[in-house]
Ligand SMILES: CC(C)(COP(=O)(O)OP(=O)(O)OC[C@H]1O[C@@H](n2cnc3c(N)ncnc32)[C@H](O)[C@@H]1OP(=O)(O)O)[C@@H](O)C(=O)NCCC(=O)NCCS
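A lone chain, given as structure tokens: the form predicted on its own.
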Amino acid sequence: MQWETAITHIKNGKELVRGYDLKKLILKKKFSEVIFLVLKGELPNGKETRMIDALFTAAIDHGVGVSSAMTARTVISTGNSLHTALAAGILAMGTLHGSAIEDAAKFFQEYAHTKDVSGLVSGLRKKKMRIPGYGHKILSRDPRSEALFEVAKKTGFYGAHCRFAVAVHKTLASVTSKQLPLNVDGAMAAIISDMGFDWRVAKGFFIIGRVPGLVAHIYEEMMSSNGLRRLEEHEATYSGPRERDF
């Protein structure tokens, strides 16, 4: 079966990306605009460009302590290549780190029309179902989400999905004792949903935004004198049986 793509066409020494000459894109367009182009099929307008820049900036890094950064730095410390460490960092993203954006976008796009938000949240809690896009290991409120919603309101992308995400957050706050912030995954998911992106591409937004941060961590680790990363015995608690004989 022949491969087919509507993204890029190379012929007679010219490369077209979604129908635009790549040379002209290099000369006249920003990287974020061309990312929007390959994902959406059309170049963004000014407001879409501002919003997508904010989305990628919000995801760029979150410290050395997150799973993806620790994994990437550990892998580069073993003598692997930059791209191997980068791939390892991306593979460390899971339901609890970096992938919640996809689940949240799916949830928002499926339920944003719901009028009885309280009933929806109550029903999901009774089923012991975790609502994606809320909660954080360290933060009781997520300033990244707050900033993203500010930009969304200014650019006109604070729509039905964002309002639904905030309504769910308020409902959760009223029924739980623990502070559950609407986290950056949830905010990004709501905004890209209001921008018309399918939930199945949502995780790509987080990965695109986080890759520069991971590369910076990998390079910093390469330039350090830390050597091989490993836990010392005193840094781990042993919970097995005491020494015993056969």
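This one's a predicted model, so the numbers in the text were calculated from it and none came from an experiment. Sequential numbering from 1, following the sequence displayed.
Below, we refer to the form predicted in complex with this ligand, which is not included among the displayed structures.
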(message) Give me the residue from 96, 91, 167, 82 that has a heavy atom within 4.5 Å of this ligand in the predicted bound form.
(response) 96
(message) Between 163, 130, 141, 153, only one gets a heavy atom within 4.5 angstroms of this ligand in the predicted bound form; which residue is that?
(response) 130
(request) Give a yes or no for residue 176: in the predicted bound form, does one of its heavy atoms lie within 4.5 Å of a heavy atom belonging to this ligand? (result) yes
(message) Taking this ligand as it sits in the predicted bound form, is residue 86 in contact with it (heavy atom to heavy atom, 4.5 Å or less)?
(response) no
(request) Indicate whether this ligand has at least one heavy atom within 4.5 Å of a heavy atom of residue 195 in the predicted bound form. (result) no
(request) Find out whether any non-hydrogen atom of residue 172 is located within 4.5 angstroms of this ligand in the predicted bound form, and reply yes or no. (result) yes
(message) So if I measure heavy atom distances to this ligand in the predicted bound form, which of the stretches 177-185, 27-35, 52-60, 197-205 falls within 4.5 Å?
(response) 177-185
